[in-house]
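Take a look at this single chain in structure tokens; it is the form predicted alone.
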């Protein structure tokens, strides 16, 4: 679906933030982008949506070179939810905010109304259609931004640190929504420092480090095979550390999974 080929980038000519970065994003993936602060993980996603331009390399969407496309043109396919989602909202009601994209695409008033209603229903915000976006709490603002992407029929949704500052309930609701959208074929790209979320939710991890792509594979491979996690600004989640300490238990992607397996393990006499 989306292919990044040999991309390099630097904010000033004398310095290179990263180089030789290549990867693909396929339909239905749940991809985490991780690494220490300043490694370029947010910059990578800004390149995808056209907010930055690579120094070298190309970006392709379904084999079409989109490197020179504007952010507005890319927004037809790629949605972006900023870490502070209220910064991307400018209309007086939630419904009008979500309707902006379809309006720019030339849909009729009736079509825009239907598209907006469907998008708000998918993110469970139909009851907030007439609300003033700045008055919503952060989780609701994120869902408005997600609804705006859905209204544009985006095929890739990028979220920058979406769970920071949220309580457990808000995080669970957001992750549940993202998994639901993923099942519908939407590719989810998550910039996050939360190792528990990477382990339990993501199908793949892209780690930026050492001025390039330092890892691209499954969470299980990352957390059980790599011995340079600390150098990359990562750490092994507690659920993985505990499961690795128990013989024959196997990889556990969450504390819930670890608890269930431990119950079975003890019932079987620790075998």
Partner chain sequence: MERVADISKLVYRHKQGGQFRWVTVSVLLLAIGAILHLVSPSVAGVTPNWVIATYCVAIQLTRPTYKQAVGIGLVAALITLMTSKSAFPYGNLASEPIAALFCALLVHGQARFAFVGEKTLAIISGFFTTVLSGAIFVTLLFFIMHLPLTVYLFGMWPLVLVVALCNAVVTPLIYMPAHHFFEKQGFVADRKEEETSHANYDLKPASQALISVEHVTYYYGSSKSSAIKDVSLVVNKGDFLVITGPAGCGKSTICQAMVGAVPQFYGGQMQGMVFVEGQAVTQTTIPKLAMHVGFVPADYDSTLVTMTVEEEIAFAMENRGYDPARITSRIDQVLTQVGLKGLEKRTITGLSGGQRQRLAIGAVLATNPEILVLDEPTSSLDPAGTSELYELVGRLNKEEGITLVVVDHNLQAVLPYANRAILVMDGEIVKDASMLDTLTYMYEERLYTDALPSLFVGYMQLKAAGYAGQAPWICVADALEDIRGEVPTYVKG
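If you're wondering where the values come from, they're calculated on a predicted model, not measured in any experiment. Residue numbers count along the first chain shown, from 1.
Below, we refer to the form predicted together with its partner chain, which is not included among the displayed structures.
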Practice item. Tell me the stretch among 181 to 189, 116 to 124, 141 to 149, 195 to 203 that has any heavy atom within 4.5 angstroms of its partner chain in the model of the complex. Key: 195 to 203
Study note, to complete from the structure: From 76, 96, 83, 88: within 4.5 Å of its partner chain in the model of the complex by heavy atoms is 83
Review point. So which of 71, 165, 106, 176 reaches within 4.5 angstroms of its partner chain in the model of the complex, heavy atom to heavy atom?
Key: 165
Review point. Should residue 245 be counted as a contact of its partner chain in the model of the complex, where contact means heavy atoms within 4.5 Å?
Key: yes
Point to revise | residue 235: touches its partner chain in the model of the complex, heavy atom cutoff 4.5 angstroms | key: yes
Check your understanding: Does the 4.5 Å heavy atom contact test between residue 258 and its partner chain in the model of the complex come out positive?
Key -> yes
Check your understanding: Does its partner chain get within 4.5 angstroms of any non-hydrogen atom of residue 36 in the model of the complex?
Key -> yes
Review point. Even though its partner chain is not shown here, does it sit in the model of the complex so that 3, 20 and 100 each have a heavy atom within 4.5 Å?
Key: no
Practice item. Note that its partner chain is not shown here; using its position in the model of the complex, name the residues of 97 to 132 with a heavy atom within 4.5 Å of it, in sequence order. Key: 132
